[in-house]
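Just one chain is shown here, as structure tokens, and it is the form predicted alone.
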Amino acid sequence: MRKEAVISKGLRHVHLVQAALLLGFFLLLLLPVLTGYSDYILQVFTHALLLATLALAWNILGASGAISLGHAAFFGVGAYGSALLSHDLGFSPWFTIPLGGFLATTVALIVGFLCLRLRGAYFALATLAFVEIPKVITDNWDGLTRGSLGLVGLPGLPTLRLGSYSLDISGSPVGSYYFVLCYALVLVSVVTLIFRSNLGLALQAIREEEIAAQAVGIQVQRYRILSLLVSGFFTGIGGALYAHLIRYVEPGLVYGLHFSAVPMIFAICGGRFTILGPALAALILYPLDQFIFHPLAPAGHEFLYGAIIILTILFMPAGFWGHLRKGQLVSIKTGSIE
């Protein structure tokens, strides 16, 4: 009887979490209406969703146990690649955004061959140093990139049309919000497929015990590079979207530590080895920072991230979503919450 009671309690816990996730999803769908179409609130949540996608992309590599501090390189290359192709050559952003992702993948391939044999802090420091290479090139190639002046007046994302219905993405905060929300949902689905595929299982094995993974035939370097390429691609897509949403890029902005550190912080705080954890952390911590801590301490509001990551490492090393999953007393079958 006691065992049945424990199982029943665990099931109620799972159903409660599922209900909370469903409620959160509907709140995101109705956010423009609930906020009275406030431009400021929608812009904050649009950026939060974009950071959520970067955290999800970072976590594809993080699932192997690697810590990268250099994802701003992929973000910046994707942003500048799409910006230059659309601004100088007149290509549609719908064409240049995927190209920005592939350019970022090329950079990720170079990083992979140079750095992936390193482990732990050595790999993290190597990726951090690598950010300076595309940043310096971009900053000094005035004839192509306009140097430190950056690119202004980039083409916005074109209006999406479906029959008589149209969605003005760049000209409307509501349109930008819903577009990034759709992209975030697509990326959650992609990450779910990856984590439940052979690639995901291989990354888990590498993370838990690399030598044992090699012993059973897993090609460690191959899977590490593959995870880095996929992670770099979606980070580059995020950079390209960012460039066309704000319609301006400059080296100090898109190659800044912000776009390397913040996605990593969200992934660690939410749960590095979970699917939803990094995205949930972004949607909670970034609005909390902007709405509460930024008005209270404009010059030092980002101390929130430092405090949160210290507390997470000390008390919830698996992240809050990973900690919640560990607390569940019932096994979660394939197809339910991750």
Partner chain sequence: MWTTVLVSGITLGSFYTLIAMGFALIFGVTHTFNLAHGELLVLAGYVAYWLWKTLGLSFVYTFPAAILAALFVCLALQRLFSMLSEPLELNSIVVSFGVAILLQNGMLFFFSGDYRLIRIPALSQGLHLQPFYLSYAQLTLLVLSLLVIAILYLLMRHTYLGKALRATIQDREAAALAGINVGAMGILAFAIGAVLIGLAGPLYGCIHYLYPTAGLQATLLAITITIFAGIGRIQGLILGGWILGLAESFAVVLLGASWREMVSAVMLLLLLAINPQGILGKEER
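Positions refer to the first chain, counted from 1. Here the structure is a predicted model, which means the values were calculated and not measured.
The same protein also has a form predicted together with its partner chain, omitted here; what follows describes it.
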### Query
in the predicted complex, which of the stretches 256-264, 167-175, 233-241, 101-109 has residues with heavy atoms within 4.5 Å of its partner chain?
256-264
### Message
Taking its partner chain as it sits in the predicted complex, is Leu22 near enough to touch it, meaning that at least one heavy atom pair lies within 4.5 angstroms?
### Response
no
### Task
Tell me, yes or no, whether Ser92 is in contact with its partner chain in the predicted complex, where a contact means a heavy atom of each within 4.5 Å.
no
### Any non-hydrogen atom of Leu314 within 4.5 angstroms of its partner chain in the predicted complex
yes
### Query
Taking the shortest heavy atom distance, is Ile309 within 4.5 Å of its partner chain in the predicted complex?
yes
### Task
May I ask whether Cys115, Gly120 and Val136 all come within 4.5 angstroms of its partner chain in the predicted complex, judged by heavy atoms?
yes
### Query
Given that its partner chain is left out here, which of Leu128, Leu229, Leu181, Val190 has a heavy atom within 4.5 Å of it in the predicted complex?
Leu128
### Query
With its partner chain left out of view, which of Val44, Leu69, Ile275, Leu285 would have a heavy atom within 4.5 Å of it in the predicted complex?
Leu69
